[in-house]
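Okay, here we've got a single chain as structure tokens, the form predicted alone, with questions on binding and movement later.
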């Protein structure tokens, strides 16, 4: 199974963001990818006051990526977007997965929200405008069980263990990981989630500067169940591809059965 991570610098111009996303999906399909993964908030990453109106899971955002999946004949994990939430003050941070027929096959709402105060460096309270999801999701993609997550979820290993126990063989992490934490934690956490759950990890990130005063780390990557980085995107708007070898995953789980040996 060949996969692609698509790395963007989404900003205030939603139409331009979507054009770039579509171009990267075309490049992924041209490279032979069966699944392409986009980053968190792929359609808009900018000031809240100019953000697009939240949509339902069958709105314009979904129609755009469903059509792209159908026309390109690939599975598309559409990163995430602002889905209409439980009240007027809150949205959901939601991932959608589309089949090569353009059908919506899975929906995941981000569970862990980024509420962080670092004096003089960052102040961000995602929960002020985003409601948490409540359900873990393992989606069937091209016959492979795939566990879904978003960005800050990465710091909560119990989520990924639950996904692995539920049968996930691949874990997906669309993200807009901040530069000041990403340079030290991004790869370490991704490799840890791969090793401890004996799963492939596909992580697609935003790259570069975004208003207001946000810089994302990028370095989108694909990691195997041994913790080896199979592919990593450079610091640019681009794609990176890798082949997932499921028999290798089976061998790793058989030779070092840590997932099977768990007692808690």
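No experiment lies behind these values; they were computed from the predicted model shown. Residue numbers count along the first chain shown, from 1.
Quick note: we don't show the form predicted together with a small molecule, though the next part is all about it.
A.B. asks: Is it the case that 110, 155 and 176 all touch the small molecule in the predicted complex, with a non-hydrogen atom of each within 4.5 angstroms?
C.D. replies: All three within 4.5 Å in the predicted complex.
A.B. asks: Can you tell me which of 163 to 171, 81 to 89, 140 to 148, 110 to 118 lies within 4.5 Å of the small molecule in the predicted complex, counting heavy atoms only?
C.D. replies: Within 4.5 Å of the partner lies stretch 110 to 118.
A.B. asks: I'd like to know whether residue 40 contacts the small molecule in the predicted complex, with contact meaning heavy atoms within 4.5 angstroms.
C.D. replies: It does: once the small molecule is placed as it appears in the predicted complex, residue 40 has a heavy atom within 4.5 Å of it.
A.B. asks: At 4.5 Å between heavy atoms, is residue 181 in contact with the small molecule in the predicted complex?
C.D. replies: Heavy-atom contact with the small molecule at 4.5 Å: present for residue 181.
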